[in-house]
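Okay, here we've got a single chain as structure tokens, the form predicted on its own, with questions on binding and movement later.
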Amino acid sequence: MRLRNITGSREAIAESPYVIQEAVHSECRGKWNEIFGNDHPVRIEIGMGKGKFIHTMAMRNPQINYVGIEKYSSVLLRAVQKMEREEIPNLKFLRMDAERLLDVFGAGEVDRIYLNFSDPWPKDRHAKRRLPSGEFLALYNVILKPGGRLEFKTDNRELFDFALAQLEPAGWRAELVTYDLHGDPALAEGNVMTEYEEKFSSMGNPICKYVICRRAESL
């Protein structure tokens, strides 16, 4: 999908109080409780898009701190505009690539990670760029606290099968796996949909989801 560049998006993000600026990213590592001013758990969404999912989660759970990560300025701008209309104190944004996670989050600092409808990078030579790949699981393994969870949703069956195959070699195990999230009333209850999820599910596409954790021996 081609992203439409929005003139002035970088400038707007640079001036936004809701976005932690790149110049101070390295100062955030190990200090997220100080940034939020409390000791609540920190949960992150990587590739948050326009922010519907994480904005809703933050509103529903004021006792949890959320950080939305998005690398495209034109997309992040939509989330910023949403915050300008409805400010939420337990939500911050970062404009960065997920490859830099270890620069921003300390060991065991994150309580939960959300990956929603990530770019499938369909060509084999780009497999390492996929957010549920073994390479990224190694990064998540560092920042996720013992007992923490990672949740992944997608309508792309090939990407989902790839993601499942990455778990065992990387030292992770699945606690929940479904190939039809919306077809299971128990799992669908309380599910917060992203913009893409609403679109794809309305087209009849089944939504796949897993919840994973690190195997005990890899902690």
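Note that residue numbering follows the sequence shown and begins at 1. Remember, predicted model here, so these are calculated numbers, not experimental data.
The same protein also has a form predicted together with a small molecule, omitted here; what follows describes it.
- The three residues Gly47, Ala98 and Leu131 all sit with a heavy atom within 4.5 Å of the small molecule in the model of the complex.
- Of the candidate stretches 187-195, 59-67, 33-41, 165-173, only 187-195 has residues with heavy atoms within 4.5 Å of the small molecule in the model of the complex.
- The single contact residue among Glu135, Asp111, Asp119, Glu84, judged by any heavy atom lying within 4.5 Å of the small molecule in the model of the complex, is Asp119.
- Interface residue among Arg78, Lys71, Lys145, His126, judged by heavy atoms within 4.5 Å of the small molecule in the model of the complex: Lys71.
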